[in-house]
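There is one chain below, alone, in structure tokens, taken in the form predicted alone.
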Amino acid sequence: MNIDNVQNFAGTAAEFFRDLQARICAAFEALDPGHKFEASGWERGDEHRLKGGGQMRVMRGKVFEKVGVNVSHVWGTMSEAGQKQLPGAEESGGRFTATGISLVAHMANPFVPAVHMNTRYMATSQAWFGGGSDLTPTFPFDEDTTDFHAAFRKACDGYRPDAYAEYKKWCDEYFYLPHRQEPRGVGGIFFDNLSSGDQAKDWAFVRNVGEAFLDIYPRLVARRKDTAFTDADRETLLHKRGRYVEFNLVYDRGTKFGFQTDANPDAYLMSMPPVVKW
């Protein structure tokens, strides 16, 4: 694999992820008047085995109790333990490149669903894409679930006819808590190790996944953010968040990858809710 081609493409992908980050943050700020994202950049120094960095954007508002939208672009050499977890890393001697966007929103109103979205490009001795988005309501509404899935079905149908069924099933199986024997939420799509042999087509799909998220989720927030709720509803929300924490600390690949690559812990633990109960 030509390392210059990998780095050039990773730079192009990172530019898109930064642009998507800016547009998502603008849409979220419009839904939460008077509140703004705080941005903080991070970068690895010359002495570090990793190079590159990223930008965290976090907002704590009235509608979005805590939302983080992070972009990173890093490269270097993985730890020996990390090499065993990433396809092609042992063959590349641990050298890797990674760029992506990751988002988690925890909402103040129990009737607005929490959401996760990420898309990424990874390269070792192989190169591939991954990502997806899933919805985690405390109180599910069939209308919201249907509209959320329809948005991602449209993105998948533009890629190949059977993609939605495959990636929905993958999402249902991945975002599942075995120790609870329950799903984390109402699903969405999830894909990984995506490398069809047509990088341009794969990359167009990944971009469309990001655009589908930007189209549908703000509409769901607008639909539910002013719904009246009780203290009991809020209590139910806080306990639901406990399930979210359990999944992200025990099973989530992104969290594990952050630990393995010695990335910024504030960034890969951004998904933790601000208040939670068990």
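All values reported here derive from a predicted model rather than from experimental measurement. A residue's number is simply how far along the shown sequence it sits, counting from 1.
FYI, the form predicted together with a further copy of the same chain isn't displayed, but the following is about it.
Inset, instruction - Flag this candidate site as yes only if D134, P183 and R207 all have a heavy atom within 4.5 Å of a further copy of the same chain in the predicted complex; otherwise mark no. - result: None of them does, since no heavy atom lies within 4.5 Å of the partner.
Inset, instruction - Please run the contact check for F229 against a further copy of the same chain in the predicted complex: heavy atoms, 4.5 angstroms, yes or no? - result: Because no heavy atom of F229 falls inside 4.5 Å of a further copy of the same chain in the predicted complex, the answer is no.
Inset, instruction - Answer yes if any heavy atom of P265 is within 4.5 Å of a heavy atom of a further copy of the same chain in the predicted complex; otherwise answer no. - result: Yes, contact at 4.5 Å.
Legend entry - Non-hydrogen atom contact V245 with a further copy of the same chain in the predicted complex at 4.5 angstroms: V245 belongs to the contact set for a further copy of the same chain.
Inset, instruction - Check whether V6 has any heavy atom within 4.5 Å of a heavy atom of a further copy of the same chain in the predicted complex, and answer yes or no. - result: The answer is no: V6 has no heavy atom within 4.5 Å of a further copy of the same chain.
Legend entry - Interface stretch in the predicted complex with a further copy of the same chain - options 218-226, 247-255, 35-43, 22-30, non-hydrogen atom within 4.5 Å: Partner-contacting stretch among the options: 247-255.
Legend entry - Residues of 57-92 having any heavy atom within 4.5 Å of a further copy of the same chain in the predicted complex, listed in sequence order: Read in sequence order, the residues that approach a further copy of the same chain (within 4.5 Å, in the predicted complex) are R60, K66.
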